[in-house]
Each structure stands twice: as structure tokens, then as C-alpha cells.
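In what follows, one protein chain appears twice in different forms, each by itself as C-alpha cells: structure 1 and structure 2.
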Structure 1
């Protein structure tokens, strides 16, 4: 097991640095200059002052040199300072990351709690109207854009029928430890972010359970006289959950990256909203910090998935 984990960790190192290199190069070579955006609308800025500002940020150097400078600072735990906010990027990520993780975990929990039982019910009722209804819901979950669902949620359940707040993660003046108020604000964005996950897990579980119930050990369980519910929920569902482990690899990082739109719609103060505003202003220290954080979460989740899968099926380690 230790050799297996070590091999996965060694494979993750070049992948991580490759992601940072490609992201940095694409972002720096894209049209627009952060200094031009910073001084836009300031009429008394001279060309010499603009050049001095560009030199202070190190933007007058070739892109490879800029990447190497960023990489050296990163290896020392320094993500630099934001061009737009003039604050250390580490502090900004540190305040935004817990909010995004909270949203992503809530969305993942909703996707599993709703999607897996729906898939099991659809498999048990195969060919019935209930099965067709669940499949329609799953297709709708894939087809409906997240930003549209979020806007409709706000319009219907926050404006017309004021059951949930329009935006934010806490009521103005509420304590940070007001859990009911925080959960009240979390319903809309978590449900919006979990929509695709509910659709994925319901279809995945339906397919896997229908495949498992055709196997010999399920027929043996039925031949022993076990109740159909016991056969489905204990024998079939347990074995159908193995592919779900594979599907969970990278899902948290996917939810974090998908939170860009959801956090913008609901004004949720997380990393997605921070990255969106940084990308608009070409604030690449923040963008790179978000990429590093998301990439680390992605690689760690893949490694944990491989470990969990190797425990469930020892053949994977070979």
C-alpha cells in the first residue's frame, strides 16, 4: 500500500507544476494588461509612472522569468500581493476558501443524499412512471444551466415568495456562529450547485444497480428466500457503490470550480467569486493562487479516490 501511495504522489508532482505553467502562460499571454486596467481613468498618470508601476510588479520581464519568479515565491509560501486589492493573496484565499469548501461540501452532500436514493428507486421501479419521472428529472438537471436555475430560485423563492435570502451568507448584523442563519443562506446556492450532481448520481446508480441485479450472487440471494428490498438495498446497492467511488474522484475540486457562477449569482463570498473578479482585472496573483488551491484539491481527491478504490478492490494495487 505504501508503494502504491508513493507512486501516486510522485505522479502528481509533474502534473501539478504542468497545470501552473500552462495557466500562467495562458493568462499572461492573453490580451490586456493589468497595469493599464489599474491606471484606467487616472488622467494625471505619466508614461514614466506607468513604467515604474509595471517594473514594481515585475511585469516588464519576459513571461518565463515572471513564471520562475512566481514559482520561487510560491515554493517559499508567498503568493504575492493582489494588484487590485493591495492585500497579501494568502490572506484573501484564507478568508474565501472556507466559504467555498462549506458550499461545495453542502452541495456534495445534497447530491449524494438525493441522487443515490433516486437512482435506487428508479432501478427498483424500472419501466414504471416513477422511473420515467426520475429520468426526466435527471435529464433536466443536466440541461438546465446553473446560473438560470439560481436566478429562478432567487426570483421565485426569494422575491415573489420570500422564503430564502436573496444573497450573501449571513444576515447583516448576524453573528458568524449563527448556524441557522448560515444554513438558511446556504440552501439556494447549495441546491443550485448540486443540481448536476443529483442528475449524475441518480443515473449512475440506476445503471449500476440494474447491472448488478443480473449477476449470480443476486439470484442466489433471491433463491435463498430473502426479501426483495433486502436483496436490492443490501446486496445490489452495496456492490453498485464501487463505481461511485470512482465518480467521487475530483468531484470536490469540480464543485469548487463550478462555484464561480453560483457564487456570483448569490453573492457568496468564496473563491469562485474572488477568481471571477480577479480574472476581469487581470489580477494574476489571485488567479494563480486559486488555480494552485483547486489543483491541489483535485490531485489530493484523486489520490484519496485511488486509495479508497485499492482498499475496496485489492486488484487495483497490482
Structure 2
């Protein structure tokens, strides 16, 4: 088991550096220079001043050297200084990352809390009108783009019937620890982000439960004379949850990347917003840091998923 984990971790290392190399190359070789953008329209700058700026940002070096410099600093735990925000990149990531994680976890929770019971109910009343209704909701949840749902949420539940705030994480002036206010702001974005998850989980649960139901131990449970309710909810459901838990890693990864769009609809101050502003100004220290953090999260969640699979199914370990 530990050999498997070690191997997966080792395999992740080249992937990780591959990601940073490609991002850096794409970003720095595409047209547009951070210093040109900075000084565009600033009158009476001398060529020497522009050159000095370029030197101050380390942009006077060839691109491969710039990458190596970045890599060297990164290996020393230094993400560098943001061109745009005039402060350490770590500070910017530090303020954005918890917000993105908070949103992703809330969405995951919603997906589980809503998706699983929906699937169980659908399985129990399979073939009924209720089952069909749930299927329609699930297909709809999959088909509806998150940004559209988010916009409709704002239009209907924030503007027309002002139940929820249009944007942000907290009411201005509210304390950092005002949990009810935070949750109230979280409803729209978390629901939007969890939409596909709810759909996924309800479909997955339904299939799994129907699979499990045909197995011997369920027949035994029924034969014992247990009520259908308890056969389903205790015996079948518990076993059907297994693939769901092993799949968590993948879902988390999906949520983190999906958060970028939801963040922009609900003005959520997370990683997506940060990366967007930085990319526009070619602030590569921030862009690289965002890529590194989110790809680390992705890789870790994939490794977790693989480990979970291997625990559930020993054949995977080889």
C-alpha cells in the first residue's frame, strides 16, 4: 500500500513541473509584455526608465532563464512579488485561497446533502412520477450552465425578490466571524456550483442502490423481515455510498475549477478573480502561483481518489 502511494506521489512530480513549464511558456511567449502594458500611455518615459523597469521585474532575461529563476525561487518557497499589487504573491494567494476552498467545500456539502437523498428516493420509487421528476431535475442540473443559473438566481432572488445579496462574502461592516451573514452570502454561489454535483450524485446513487438491491445480502435482509425502508436506507445505501466516497477527490477537483466561473458571477473574492486580473496585466508571478496552487490541489485530489480506489479495490494497487 505505501509503495503504491509513494509511486503515485513520485509520478505526480514530473506532471507538476510539466504544468508549470507549459503555463509559463504559454504565458510569456504569447504577445503582450507586462512592462509595455504598464507604461502604455504614460507620457515622457525615457527608454532607460523602461529598461530599468524591465530589469527590476527580471524581464530583461531570456524567457528560459526567467523560468529557471522562477523555479529556483519557488523551490525555496518564494512565489515572488506581484507586479500589479506591489506585495508578496503569497499574501494575495493567502487571502483568496481560503475563500475558494470555503466555496468548494460548501458546494460539495450541498451536493451530498441534496444529491444523495434525491438518488435514494428515486431508487426507492423507481419508475414512478417522482423518479421521473428527479431525473428531470438531474438532467436539467447537468445541462444548465452554472453562470446562467447564477445570473437567474441573482435576477430573481436578489434583485426582484431581495432575499439574498447580489455579491460578496460578507455584508460591509459585518465581523469576519459573523457566521449567519457568511452563510447567507454563500447560498447563491454554493448552490450554483453544486448544481452539477447534485445531478451527478442523484443519478449515481440511484444506479448504485438499484445495483446493490439485487445482491444477496439485501435479499437476506429482506428475508429477515426487515422493513423496506430500513433495507434501503441502512443496508443498501451504506454500500452504495462507497463509489461516491472514492469519487470525492475527482469531484473536489471539478469544484475548484468550476469555482472560477461562479466566483465571477457572484463577485466572490477567490482564486478565479485573482487569476483573471493578474492574467490581464500579465502579472506572471500571481498567475504562476495560482496555477501551482490549483494544480497541486488537483493532483492531490486525484492521488486521494486513486488511494481511495485502491483501498476499495485491491486490484488497482498493482
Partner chain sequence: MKVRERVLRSLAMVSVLSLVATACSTGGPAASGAPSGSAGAGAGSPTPGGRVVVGSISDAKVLNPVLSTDVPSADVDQMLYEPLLTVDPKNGQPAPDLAEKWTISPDSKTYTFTLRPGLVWSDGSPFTGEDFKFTAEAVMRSKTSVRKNIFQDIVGATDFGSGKATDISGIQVSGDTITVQFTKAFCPALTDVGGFGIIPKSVFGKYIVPDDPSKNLDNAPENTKPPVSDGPFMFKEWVPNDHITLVANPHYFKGKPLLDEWDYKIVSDSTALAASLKTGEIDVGTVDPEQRDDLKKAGTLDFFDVPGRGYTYIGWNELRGGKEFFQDKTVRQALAYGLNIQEVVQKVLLGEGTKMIAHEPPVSWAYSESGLNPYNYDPKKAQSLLEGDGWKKGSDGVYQKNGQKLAFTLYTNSGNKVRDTFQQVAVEQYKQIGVDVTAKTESFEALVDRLTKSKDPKYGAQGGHDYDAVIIGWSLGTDPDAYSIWDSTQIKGGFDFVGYNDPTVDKALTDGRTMCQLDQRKTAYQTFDKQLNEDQPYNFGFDPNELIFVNKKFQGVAPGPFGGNVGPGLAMWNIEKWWIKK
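Numbering follows the first chain given and starts at 1. Note that the structure is a prediction, hence the values are computed from the model and not measured. If you superpose the two forms and keep the largest set of C-alpha atoms that fall within 1.5 Å, you have the rigid core.
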Exercise for review: Report the structure number, 1 or 2, for the form predicted on its own.
Suggested key: 1
**Study point:** C-alpha of residue 268 moved at least 2 Å between structure 1 and structure 2 on rigid core
**Key:** no
Review point. Taking the rigid core as the frame of reference, how far in Å is the Cα of residue 55 displaced between structure 1 and structure 2?
Key: 4.0
